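Below sits a lone chain in structure tokens, taken as the form predicted alone.
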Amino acid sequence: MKLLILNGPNLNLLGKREPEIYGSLTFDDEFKRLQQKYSNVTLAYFQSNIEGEIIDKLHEVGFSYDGIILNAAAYTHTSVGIADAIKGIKTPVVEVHISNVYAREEFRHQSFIAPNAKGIITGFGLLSYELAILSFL
């Protein structure tokens, strides 16, 4: 099984940015843990702060991977382009959020990705990524 974890803007700051919301671990640390725990799964990782790069990555892997775990971060609530890219590919996408977006500002309650996603996992911290992996197994 081949899965891509695709992170959007500001998630490169995990471990530094708002640790009371996002925790104190970096995503690199979490990714290494996931690779060790799920050694039978080919896990790839890509992060970008640029919407077009996220769309390009979806196009690149969207017909060859078994699943995409997408934390589009702020683009979740603003990007019709990412939503359309997900509609245009064959690989299923699970939307992931570290925080419980429904316990935060109201603008975070709207997701352009959700209607095109296989499912949504929100509010379980970095464990949200592992739950998404399990959804594909």
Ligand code: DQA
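Start at 1 with the first residue shown and count on from there. What you are looking at is a predicted structure, and each value in this text was computed from that prediction instead of being measured.
The same protein also has a form predicted in complex with the named molecule, omitted here; what follows describes it.
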Check: the named molecule isn't shown here, but in the model of the complex which of Ala83, Val61, Leu43, Ala73 has a heavy atom within 4.5 Å of it?
Finding: Ala73
Notebook entry, point to check: Hey, in the model of the complex, does Lys57 get a heavy atom within 4.5 angstroms of the named molecule?
Noted result: no
Note to self: Using a 4.5 angstroms cut-off on non-hydrogen atoms, would Ile89 count as touching the named molecule in the model of the complex?
What the structure shows: no
Notebook entry, point to check: Though only this chain appears here, would Val93 touch the named molecule in the model of the complex if you measure heavy atom gaps against 4.5 Å?
Noted result: no
Check: Would Arg17 sit within 4.5 Å of the named molecule in the model of the complex, counting heavy atoms only?
Finding: yes
Notebook entry, point to check: Among 32-40, 47-55, 93-101, 61-69, which stretch has residues whose heavy atoms lie within 4.5 Å of the named molecule in the model of the complex?
Noted result: 93-101
